[in-house]
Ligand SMILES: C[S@@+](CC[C@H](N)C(=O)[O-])C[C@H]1O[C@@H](n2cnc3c(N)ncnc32)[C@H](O)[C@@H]1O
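The form predicted on its own is given below as one chain in structure tokens.
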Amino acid sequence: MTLEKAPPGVDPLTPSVARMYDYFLGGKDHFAVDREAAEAINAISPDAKELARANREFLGRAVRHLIDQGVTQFLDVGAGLPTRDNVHEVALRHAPDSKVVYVDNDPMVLVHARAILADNPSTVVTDGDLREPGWITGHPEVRAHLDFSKPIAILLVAVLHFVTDDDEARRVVAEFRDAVVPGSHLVISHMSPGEAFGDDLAAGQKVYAKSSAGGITFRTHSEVLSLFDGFDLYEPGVVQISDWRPDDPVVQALTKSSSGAIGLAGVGRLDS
């Protein structure tokens, strides 16, 4: 996409984490500034593109698992640009009565998602900030589309690492948890230091500090695990993204990060 085609309200001069992710996934909705930032990340962590794809595959597996648990309501916060196997596509293939709300605060995400999903009654797209769970869960469109008296899956996939303050990240998850009933679920994927050295992590943080997110925090396994407070984790717990119930061991091996920063993921159930 060229600068001349930027939708109203879209800043083509500041890297957008949503557009960078789209670039990593092989999409077309990004600007030169996004490609430059994404390639800077790729230079620091050569597994970046594979990690993005592995994260997308994890999302699909997690949605299928939730369907198997009888969950058909999904609140996808920080949904990003529409690409292949979006939440509603996976969910509707396995449970035609599924309902999905996509939430994002990136203008380009909202423009594209609303255009694509305008005629899909199973989905709603709304503007919202991850840091304001109460605004999201109390939004009239969200409340009209999802029944909060029944279980809901909260999807926080590759977004919490952009909440750089640890206490704020825990607050965000706790507020979402308190807004839903027992039987609801939480899905998280999150960047983690892995075997990356401090200089590489600092370089990556410097790139993201200049992006729309304003920064990124690489949390350890124990820190990511703590975000599931109040939820009972499904096996295998919080693990590398590719290790969470892989469909194919061969694909798992190809998409598993071998060095540098890694992605961690888990799925939990709220029982009380």
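These numbers were taken from a predicted model, which means no experiment stands behind them. Numbering starts at 1 and follows the sequence shown.
Quick note: we don't show the form predicted in complex with this ligand, though the next part is all about it.
The contact with this ligand in the predicted bound form, taken as any heavy atom within 4.5 Å, belongs to Val159 out of Val124, Val180, Val159, Ala169. Scanning Ile188, Ala113, Ala79, Val90 against this ligand in the predicted bound form with a 4.5 Å heavy atom cut-off leaves one residue, Ala79. Using a 4.5 Å cutoff between non-hydrogen atoms, Val173 does not count as a contact of this ligand in the predicted bound form. Among residues of the shown chain, Ile262 is not one whose heavy atoms approach this ligand to within 4.5 Å in the predicted bound form. This ligand is not shown here, but in the predicted bound form it comes within 4.5 Å of a heavy atom of Asn105.
Although the partner is absent here, Glu141 lies well away from this ligand in the predicted bound form, with no heavy atom inside 4.5 Å. Picking from 67-75, 197-205, 130-138, 116-124 the stretch near this ligand in the predicted bound form, with a 4.5 Å limit on heavy atoms, gives 130-138. Residues of 12-41 placing a heavy atom within 4.5 Å of this ligand in the predicted bound form, in sequence order: Val17, Ala18, Tyr21.
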